[in-house]
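For reference, the chain that follows is the form predicted alone, supplied as structure tokens.
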């Protein structure tokens, strides 16, 4: 397990190395002088430019500048926003937890719905149930998330009035931000209405979570179906059938467990797509997350915020990917003993 962990950490290190190189290069590709872009101001003073030149070692070679930039990232300094002159790290602490909550909720919904449907499609292979589930998967994957979000708002918010149209929490509830995670902050608050606020936050979460979960659900359906079909055709399943085990016992005790192993490995690879979909849904539902903040920064040409937001979201996505690799290795001993990484 130690060698496996070192391989994955080595992969994470070189991935982050390339990411920081690309992020560092953006300061020189954006319009204007690099030091002006770093300052986050249109017309910085001479004293501010002198301080930044010394901080980022702009008078030295490009290698020294890169290491100075990485040093600032490691210290939590992602720069200053050109739009409002606030620290980007503060904006990330404010917006990123909301994106994490939305992505985790969507991932949970996709797993709960998609994996069982995929297993049912494999069990009833080439039967009407299998074809109906595959049609649902193809239609769900083809629907754009922005169109689906608008349909959800029109049907469930405007026509039926079941859920709120936008936002994360009703303005009547005043919840102090402590961790940045809305549900955690509600439970930590001393408000006498915190359970009503928790219910209200859940109601605000339902529509964006299901909109984001639609595309991953269809992916999990196909992954689960393919994985279950491979397991059911394996030799140990044939041996179990020869011993006289019922189909239900074979599927529950052997098929589901072994199929889940292959599905977990793919979860991390598809998490990046989920984050991308969440960014679009955040704009439609006015969800105050890192995705909508980053898109607003693009519209306002806030180059430093784009730079800091991209590297923060990329680090978050890569970390989740590595985490799923460790979970997969923990439940699959054969993966831990491979001498070469995939």
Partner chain sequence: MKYKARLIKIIIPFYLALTTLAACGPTPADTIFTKGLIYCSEGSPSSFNPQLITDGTTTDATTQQLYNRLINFDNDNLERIPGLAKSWHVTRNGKMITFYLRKDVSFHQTDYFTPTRKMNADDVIFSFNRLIDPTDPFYQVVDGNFPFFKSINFAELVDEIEKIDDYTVRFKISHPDSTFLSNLATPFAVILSKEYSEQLMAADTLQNIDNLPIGTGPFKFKEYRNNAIIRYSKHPEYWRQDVAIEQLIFNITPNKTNRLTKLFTHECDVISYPIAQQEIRSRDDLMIDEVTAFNVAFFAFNTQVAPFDNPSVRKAIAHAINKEAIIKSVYYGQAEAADSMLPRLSWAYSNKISSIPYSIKMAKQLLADAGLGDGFSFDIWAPSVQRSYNPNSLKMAKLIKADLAEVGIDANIISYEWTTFLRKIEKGEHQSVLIGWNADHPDPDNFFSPLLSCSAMATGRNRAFWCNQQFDQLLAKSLLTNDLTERFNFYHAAQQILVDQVPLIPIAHSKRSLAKLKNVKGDILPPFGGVSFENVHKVDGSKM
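Residue numbers count along the first chain shown, from 1. Treat the numbers as computed from the prediction; the structure is a model and nothing was measured.
A second form of this protein, the form predicted together with the partner chain, is not displayed here; the remarks below concern that form.
- The three marked residues, 124, 214 and 258, fail to reach the partner chain in the predicted complex, with no heavy atom of any inside 4.5 Å.
- For the residues 222, 262, 94, 270, the 4.5 Å heavy atom test against the partner chain in the predicted complex is passed only by 94.
- The listed set 131, 238, 247, 199 contains one residue whose heavy atoms approach the partner chain in the predicted complex to within 4.5 Å, identified as 199.
- Contact annotation: residue 193 falls within 4.5 Å of the partner chain in the predicted complex, judged by heavy atom distances.
- Using a 4.5 angstroms limit between non-hydrogen atoms, residue 173 touches the partner chain in the predicted complex.
- The partner chain is not drawn, but in the predicted complex it has a heavy atom within 4.5 Å of residue 157.
- The partner chain is not shown here, but in the predicted complex it comes within 4.5 Å of a heavy atom of residue 252.
- Of the stretches 283-291, 22-30, 51-59, 307-315, only 283-291 has residues with a heavy atom within 4.5 Å of the partner chain in the predicted complex.
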